[in-house]
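Only one chain comes next, encoded as structure tokens, the form predicted on its own.
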Amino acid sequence: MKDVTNDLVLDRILNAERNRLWRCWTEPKLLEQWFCPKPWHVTDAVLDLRPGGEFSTVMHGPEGEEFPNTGVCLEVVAGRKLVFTDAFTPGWRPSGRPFMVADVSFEDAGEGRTHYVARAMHWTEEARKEHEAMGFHEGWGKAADQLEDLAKSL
């Protein structure tokens, strides 16, 4: 049985087609438009969609904050599933401080809608609590709203 005690989960039905949501997750210029809640924004997205391929972004805050995030893809199932982590950097080099593994899935829900599940899996309770305190539920929820809006506009 999976230990899910250190998981944070966003589980929604989005009013957008799966293929459009997938594009928003896998095309760098689209990802940059929705990936973090406004007024934050993302630049420099690199998405090499294969196991070991780079998954990186730079998040920018409204006060000039800058947070580079570099990791790798672990699993890519085109149109259906994307799993990535910051535990490794490209070349399978261990990162200084692994924080989480993200597992994002997309399933058709009928009538042009998609069952969207974004799961942040943490190594420790401390890391999960840190992510919750950063505003996981509100932030990932707002980002999902932005994702849905962008996907519907494509």
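Keep in mind the model is a prediction, meaning the values are calculated, not measured. Quick note: we count residues from 1 along the sequence shown, nothing fancier.
Form predicted together with another copy of the chain: not shown, discussed below.
> According to a 4.5 angstroms non-hydrogen atom cut-off, is residue 96 in contact with another copy of the chain in the predicted bound form?
Contact with another copy of the chain, yes.
> Residue 110 near another copy of the chain in the predicted bound form, any heavy atom under 4.5 Å?
Residue 110: no, not in contact with another copy of the chain in the predicted bound form.
> Quick one: does residue 67 come within 4.5 Å of another copy of the chain in the predicted bound form, counting heavy atoms only?
Flag for residue 67 set to no.
> Is residue 154 one of the residues lying within 4.5 Å of another copy of the chain in the predicted bound form, judged by heavy atom distances?
The answer is no: residue 154 has no heavy atom within 4.5 Å of another copy of the chain.
> Taking another copy of the chain in the predicted bound form as the reference, which of 45, 104, 36, 87 has a non-hydrogen atom within 4.5 Å?
Of the candidates 45, 104, 36, 87, 87 is the one lying within 4.5 Å of another copy of the chain in the predicted bound form.
> Mind listing which residues of 67 to 83 have a heavy atom within 4.5 Å of another copy of the chain in the predicted bound form?
Residues within 4.5 Å: 74, 75, 83.
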